[in-house]
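Presented as structure tokens, the chain that follows is alone, the form predicted alone.
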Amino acid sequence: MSEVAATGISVLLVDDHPIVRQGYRRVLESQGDLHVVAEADNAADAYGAFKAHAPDVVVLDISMPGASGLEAIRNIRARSPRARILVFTMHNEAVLVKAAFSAGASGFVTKSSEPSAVVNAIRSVARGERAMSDDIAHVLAEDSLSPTGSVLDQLGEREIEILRQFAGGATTEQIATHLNLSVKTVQNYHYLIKTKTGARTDAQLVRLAASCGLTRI
């Protein structure tokens, strides 16, 4: 990935909602210094678009069909450790924010933020800085003051992703396909997640995921 050019910042937009992509393409390109060079609506296509266009900043959602933005972050950063990625999502749960930063995100902004917050975050991330919307900074501050934290703090970002998909109704085989893992590996992760969280049943896992904002029931 090249340094940010003097002519502007190239952006890859990743979101499974075309209307969201269209709206923010207009917002970004109205700035003059931000140029959307590609779009994608899933993690696999995001990785392909990153390889093809080498954008200065990737702006992506966490929630997408199949593999989530967390997996996209992992794959992109594995290819390019210096990749600059801004998460732009409706989610503001501390566990997901921390998982995104752990996976390699450079910033995290919620969709409830003003468009100017997204624009400023992209510029900050392009400069190599960390960026967060005000609500995310508040969420992380509150989380840091919690004496116990979340039980999901014990899980790595890959485990968080598998739990998210499992709680959302995906089968072991589907998760294996989404994440390019063997069924046996997914089963092993499933066992480790139960062990780390203390969940005895799959129903308890789903309730735990819902309580932490990973899914809705």
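Superpose the two forms; the largest set of C-alphas matching within 1.5 Å is the rigid core. What you are looking at is a predicted structure, and each value in this text was computed from that prediction instead of being measured. Don't overthink the numbering: it's just position in the shown sequence, from 1.
What comes next is about the form predicted together with another copy of the chain, which does not appear here.
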What stretch, of 98-106, 84-92, 71-79, 123-131, brings heavy atoms to within 4.5 Å of another copy of the chain in the model of the complex?
84-92
Report whether all of V27, V118 and T201 sit within 4.5 Å of another copy of the chain in the model of the complex, measuring from non-hydrogen atoms.
yes
Looking at the partner-bound form in the model of the complex, is G169 within 4.5 Å of another copy of the chain by any heavy atom?
yes
4.5 Å heavy atom contact, V206 to another copy of the chain in the model of the complex
yes
Would you check, heavy atoms only and a 4.5 Å threshold, whether E142 touches another copy of the chain in the model of the complex?
no
Test of understanding: in the model of the complex, would H138 fall inside 4.5 Å of another copy of the chain by heavy atoms?
no
Interface residues of 110-141 toward another copy of the chain, as seen in the model of the complex [heavy atoms, 4.5 Å]:
K111, S112, S113, E114, P115, V118
Any chance the CA of A209 moves 2 angstroms or more between this form and the one not shown, core superposed?
yes
After core superposition, I'd like to know whether V37 moves between this form and the one not shown (criterion: C-alpha shift of 2 angstroms or more).
no
Does A170 move its CA by 2 angstroms or more between this form and the one not shown when the core is aligned?
yes
